[in-house]
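In the form predicted on its own, a lone chain appears below as C-alpha cells.
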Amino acid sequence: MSTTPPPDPARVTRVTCVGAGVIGGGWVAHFLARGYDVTAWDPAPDAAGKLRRLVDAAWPALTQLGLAPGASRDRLTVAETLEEACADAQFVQESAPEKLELKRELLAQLDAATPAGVVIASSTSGYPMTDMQTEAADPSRLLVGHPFNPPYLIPLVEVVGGERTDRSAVEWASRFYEVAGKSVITMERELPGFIANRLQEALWREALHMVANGEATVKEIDDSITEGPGLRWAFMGPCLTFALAGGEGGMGHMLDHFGPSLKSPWTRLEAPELDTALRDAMVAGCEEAAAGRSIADLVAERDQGVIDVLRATGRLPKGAAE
C-alpha cells in the first residue's frame, strides 16, 4: 500500500483513460468537456481515429450542456503505450472489455505504470473489485467507478471498493467524480452488477420472459415504460413513486395496503418477506429521500415533472398549454 497521498480532487488537471471504445471514449469526451487534459490509450491499431470521431460526435451535445472554461478537444493526447499514458496521470479511468482475466492483468499493469498514490478506477459493469484487484501490487487504490452509457450525458457513477481497497481511495474518487460533474452513489458494500444495473437487469429479464412466452410484444413492453412509469422515473425513483401510492399515509400505508401483492405472480422474481424490519427500512428510507417535503409537495413535484417530460419530448396532449 502506497503512503503517497493523491492530489486534491479539485486540483486534478490531467486524467488518463485506458480503453477507447464506447464507454472509454464517452469518458474521454466527458473529461474534455469538463476542462481536463486527457491522455488516452487503447491497443487497437485504429483506436486514435475512432476515439476522435466519437469525441467529435459527442461534442455538439456537450456544447448544449455547457462546456467548462478552457474545455477543448485539442486537449486530448493519444499515447503510443500504456506506460506513456500513465506516466503523469492524476487519475486513471479503465474501460477495457468485460473479461475478468483481462481486467486483472490490465489493472496490475496500470498499478505498475501509474505514479504512487494516484487512484485507478474501473468502468466494469458488473465485476466486484475484489475479484479484479488480485494481481496488483497496490490494490488499495483500485476501485470501481461504474458509469452509464453514454458517460458524457448520463450523470450517474457508482463508486465502490474491493476488500483490499483503502476507504480513503473510495472517498477521494467520489469527491473527484463530483468535482468532474457526475452524480455519485458511494456504495458501502460490493454487489455484482452494483445497484442500477441490477434494477435494469430485473426489468430486462422479465421483458425477455414475456416475449418468449408470447405474453407481450417488444413494442408493448417499450411503450409500457415510456408512456407509463418511465415518465416518473426521469425525476423520481421507484421508492418515492410507490410512496405516493399510499396517499397521505406514504410508504407505510402503501406497504400495508399493497404488500400482499408481493405474493402475486406479477414477476418471475422471488419477493423478499415483507417483515417489520423491511417495512421500517422502506418507510425510513422514503422519509430520508423526501428531505422534509410533504406528500402534497411530492405530488406537486411529480405532476409538474411529468408535464415537463411530456413537454420536452413533444408528447403533451393536443390543446395543452405550451
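Heads up, when I say rigid core I mean the largest set of C-alphas that superpose within 1.5 Å between the two forms. Just count from 1 along the sequence shown to find any residue number. These figures come from a predicted structure and were not determined experimentally.
Although not depicted, the form predicted in complex with a small molecule is the subject of the following passage.
K.L.:
Looking in the model of the complex, any heavy atom of Y36 within 4.5 Å of the small molecule?
P.N.:
Contact with the small molecule, no.
K.L.:
Using the partner position in the model of the complex, report whether A96 sits within 4.5 Å of the small molecule, counting heavy atoms only.
P.N.:
Taking the distances in the model of the complex, the answer for A96 is yes, it comes within 4.5 Å of the small molecule.
K.L.:
Could you tell me if G21 has a non-hydrogen atom within 4.5 Å of the small molecule in the model of the complex?
P.N.:
Flag for G21 set to yes.
K.L.:
Can you check whether S174 is within 4.5 Å of the small molecule in the model of the complex, heavy atom basis?
P.N.:
Flag for S174 set to no.
K.L.:
Within 4.5 Å of the small molecule in the model of the complex, counting heavy atoms only, one of 60-68, 271-279, 293-301, 43-51 shows up; tell me which.
P.N.:
Residues of 43-51 come within 4.5 Å of the partner.
K.L.:
Can you pick the one in S183, T81, T217, N149 that has a heavy atom within 4.5 Å of the small molecule in the model of the complex?
P.N.:
Contact check passes for N149.
K.L.:
Counting any non-hydrogen atom inside 4.5 Å, which residue from A116, I225, L102, A137 sits next to the small molecule in the model of the complex?
P.N.:
Contact check passes for L102.
K.L.:
On a core-based superposition, does R302 travel 2 Å or more at its Cα between the shown form and the other one?
P.N.:
Comparing forms between the shown form and the other one, the R302 CA shifts at least 2 Å.
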